[in-house]
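What follows is a pair of forms of the same protein chain, given separately as structure tokens and numbered structure 1 and structure 2.
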Structure 1
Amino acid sequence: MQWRKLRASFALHSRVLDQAGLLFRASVSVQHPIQGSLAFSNERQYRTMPTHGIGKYKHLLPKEAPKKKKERQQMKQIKTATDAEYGTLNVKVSGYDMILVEHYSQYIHNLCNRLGVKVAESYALPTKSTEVMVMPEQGTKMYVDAILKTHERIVQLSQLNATLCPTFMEVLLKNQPEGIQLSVKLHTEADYQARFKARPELEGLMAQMT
């Protein structure tokens, strides 16, 4: 009798465990249907989803205006002098020390702004190199001892008042640093051409083409 009771209770427990397993599997398949489907099939369903356009953002940005081509710089019209005002003047600053040349040209520009003198342009000229040759005591072959580089800056003035010019020049000369040369002259077309570095090879090719 005891053996039959044990056997019946064992069968009952196994049935309960089987029902609990079925319920657990059903709940898992309801909560995670994708995992359940992947468990039973090896097919990759995301392959059918379109992926074009992912990661592209340029269509969201505002359209930029097309860049304009740089036009060739042309010479400005030279203003003529009148009874009360000078024409276009070039204040030229030159020297071997580039820092002094640059600072002094900035000082002239700031002084013009304070005095109300109109500055048309402020630019640098191509650097000039000068070789210093030395002849030794014995022999006749000369060799290069040093290379001096001359730096030049131009502050171009327009409509400088004739009554203000003497005072303006006196202030410039009193504050002129050592080793810096200062000159003032009327602007000409040759001064405009001197702004550009000479390229004889290119000019020769252009002449052959024409």
Structure 2
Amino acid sequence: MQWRKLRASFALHSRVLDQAGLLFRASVSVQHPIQGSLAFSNERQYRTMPTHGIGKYKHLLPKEAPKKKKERQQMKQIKTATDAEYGTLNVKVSGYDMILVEHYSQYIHNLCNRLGVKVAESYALPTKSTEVMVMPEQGTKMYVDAILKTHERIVQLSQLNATLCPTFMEVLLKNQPEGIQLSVKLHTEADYQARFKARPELEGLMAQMT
């Protein structure tokens, strides 16, 4: 008798659990159709509990694109001049004194941020070393007088308003430190390629192919 009662109670219990499980599985499959398949793949005891998956939060976060380890440096699109704005401009700051050059380029960057001009990129070009050879008054042999290093920094602006441009240029010119050359040019692909190392083998093969 007791055993039969136990069996009956067990049957009821299992029926309730099954119903709960079915309900939960249905809800799981409705909300997370991807995870519903996993629920059926491995049979684990506690998946039938109503608190299953209570700690899940990753499905609520925004989806991140998978990170590629090697990110190839793609050239940013060179914008052309429109009716009211200039295209991609390169503001090049060059000089012999690295500190002044750096500080001036930082000043330009901050000014652009403040005035609302979009800065596409801000990078440095490789330093150029120039050897000054001097011919003495007595004698014919030239000797090395000094090595001058020219540092260059570039601030790339993308959308400069044509009305804001004269004010912007005036501010730049007023704050130009001594010995620093400022040059503003349009950005070209040749400028972008000049930043990379030369590949003589590739160029040789290309010449051979054509």
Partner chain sequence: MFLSLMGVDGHVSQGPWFASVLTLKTSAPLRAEPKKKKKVDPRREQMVRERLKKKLKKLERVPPELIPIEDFTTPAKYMDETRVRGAPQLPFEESERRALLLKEWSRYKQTQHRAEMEAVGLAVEAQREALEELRLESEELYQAALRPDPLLFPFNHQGPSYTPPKAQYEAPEGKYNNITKVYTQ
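Since this is a predicted model, take the numbers as computed values, not measurements. By convention here, residues take numbers in order along the sequence of structure 1, the first being 1. Between two forms, the rigid core is defined as the largest C-alpha subset superposing within 1.5 Å.
Shown first, as structure 1, is the form predicted alone. In the core-superposed comparison between structure 1 and structure 2, the C-alpha atom of residue 186 has shifted by less than 2 angstroms. Core-based alignment between structure 1 and structure 2 gives a C-alpha movement of 2.9 Å at residue 196.
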